[in-house]
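Take a look at this single chain in structure tokens; it is the form predicted on its own.
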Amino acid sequence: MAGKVIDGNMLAEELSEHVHEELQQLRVSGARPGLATILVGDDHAAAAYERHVRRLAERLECEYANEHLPDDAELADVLAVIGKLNADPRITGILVLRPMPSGISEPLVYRALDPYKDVEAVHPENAGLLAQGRPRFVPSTPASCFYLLDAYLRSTDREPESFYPGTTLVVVGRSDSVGKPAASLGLQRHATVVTCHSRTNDLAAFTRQADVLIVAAGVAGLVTGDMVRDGVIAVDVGIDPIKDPETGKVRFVGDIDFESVAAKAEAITPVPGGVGPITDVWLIGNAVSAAAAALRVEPRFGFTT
């Protein structure tokens, strides 16, 4: 079996058209969606992601601002920036880029966000709403996993509403940003959800049960072909840098060993070009939805899943 490679770039382009249309419609109602990112320090990956989000926001004609603090910034400095953005009516969505310096408490930073501008649902209130199945915002990465899965199922004449009940969904990873929300979204679809992680004893015993497998552990090549069943639908959230010892060049791979798993899978996402492109667009979409909510305008395209 040679698994179908799901094209995240194509799906992201389709989604971006919805976002742009939504943004233009909201402007008629007086809404001005705006996204702000907060970057603390000079982490290479975080800075690269900030530039990427900036370019995407500009392409979609969404207002954008970045607050860049030095590596030696203290918690009080970060909270002051958040307070400023919370009060700024031009900003409808705030994203705190990770990682932050080790001396800054992420829970305190997340708690300081205005819950109505917390587009990644890291504030305790939003995380709780998501866990209860009534999300204000759905975090961009797990949302993108299911957007991608739903689109693939429909392309094979299967409706998601009837597919997930009775399906075993295994999520490898327990982060607040991906693993836990992905498990919640799976439960909301009535799938049987198994959550495990890189420290799970005999991980393969669980991953072999998966009809649908989402891997978000941050460990390159963690899941290999002998760890999955024939016909699995595999979604790789990992984006792990690998440095070539001879050339020094860095390339990115996923948490799934692509070749060996693809040989057994019904379908699989690549890295790069799978979940990632959709995630970026969904983030902008959440800022657009926040602008609609602020004006009590019903969005034409709701960024919930």
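Numbers for residues come from their place in the sequence shown, where the first is 1. Computed from a predicted structure; not experimentally measured.
The form predicted together with a small molecule exists for this protein as well; it is not shown, and the discussion that follows is about that form.
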| property | result |
| --- | --- |
| Contact of G173 with the small molecule in the model of the complex (heavy atom, 4.5 Å) | yes |
| Residue contact check: D240 to the small molecule in the model of the complex, 4.5 Å heavy atom | yes |
| Any non-hydrogen atom of T279 within 4.5 angstroms of the small molecule in the model of the complex | yes |
| S198 within 4.5 Å of the small molecule in the model of the complex, heavy atoms | yes |
| Option touching the small molecule, based on a heavy atom within 4.5 Å in the model of the complex, out of A217, A183, M100, V122 | A217 |
| Candidate from A127, L222, L149, V212 lying within 4.5 Å of the small molecule in the model of the complex - any heavy atom | L222 |
| The small molecule in the model of the complex: contacting segment from 156-164, 73-81, 174-182, 110-118, heavy atom within 4.5 Å | 174-182 |
